[in-house]
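The chain below stands alone, shown as structure tokens; this is the form predicted on its own.
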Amino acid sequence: MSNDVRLINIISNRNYESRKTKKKLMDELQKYGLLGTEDYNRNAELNICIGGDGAFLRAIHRNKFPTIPFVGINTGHLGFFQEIAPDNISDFVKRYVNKEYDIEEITLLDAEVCTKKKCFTLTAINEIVIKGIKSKVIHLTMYIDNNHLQKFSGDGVIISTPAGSTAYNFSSGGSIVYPSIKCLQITPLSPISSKAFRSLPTSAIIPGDLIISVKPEFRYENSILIVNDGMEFRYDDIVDISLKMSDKKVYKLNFSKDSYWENLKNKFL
């Protein structure tokens, strides 16, 4: 293949609308000398994801958080990440070729899960959720940079990024945070307040350079489920979960400085 070929990775789910949109996109890219490929290529200049927000998140995880920028065409329900409508593909490709866009940096979240024997690292785009298996109440002690914050009792806690603030976090009563703000958010899920456990009733926004530490009570150590962007992980004998802003970044095309506020209004109001 010639070095002059401009490759575009096309990552699509398999529903009818997405397949139809993919064909239209391939044809439009070809008009401008761009080659769309369904075989993920690390030398491509752009990742185009066709589907809903779930497809967008899976594409980033599956391809190990690439530095190649992403843009999304929405054939799903909400499509907060997927800003381009299938009817606007021609305009999108033209604007891309003319470089009428900015590149937005998306902050990620790392969780180091340490058991009695080993530590594991997870990286999230939206959120890490620490909750009980089979809807059990869980009991956690939480620290911010080694400062004791709370003894939590309830269904669980969400640790979300600014990008994830409009996802599960928002549905659970958390605050919406503008994407460029370097912070994490702790949002309780059905907190219980009692003499034994004093849990914050609302979310707390934490500076991005601080470490959040979550320690399960040992007698409940094997009732913990960790959910990373909707994917479930189970570890036995957890002693500590440390969460912080990741050094990794992913990148997304932005075609309007007002697109965030337009998207927020169109999707939620």
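What you see is a predicted model; the values in this text were computed from it and never measured. All residue numbers are counted from 1 along the displayed sequence.
One more form of this protein, predicted in complex with a small molecule, exists but is not displayed; see below.
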Requested in this report: Examine Ser171 and determine whether its closest non-hydrogen atom to the small molecule in the model of the complex is within 4.5 angstroms.
Outcome: yes
Q) Hey, in the model of the complex, does Gly72 get a heavy atom within 4.5 angstroms of the small molecule? A) no
Next item on the list: Would you check, heavy atoms only and a 4.5 Å threshold, whether Lys267 touches the small molecule in the model of the complex?
Entry: yes
May I ask you to check whether Asn126 falls inside a 4.5 Å heavy atom distance of the small molecule in the model of the complex?
-> yes
The listed residue (Ala167, Ile106, Ile138, Ile159) that reaches within 4.5 Å of the small molecule in the model of the complex by any heavy atom is Ala167
Q | the small molecule in the model of the complex reached by all of Gly132, Gly154 and Arg234, non-hydrogen atom within 4.5 Å | A | no
Which of 196 to 204, 237 to 245, 30 to 38, 49 to 57 lies within 4.5 Å of the small molecule in the model of the complex, heavy atoms considered? The stretch 49 to 57
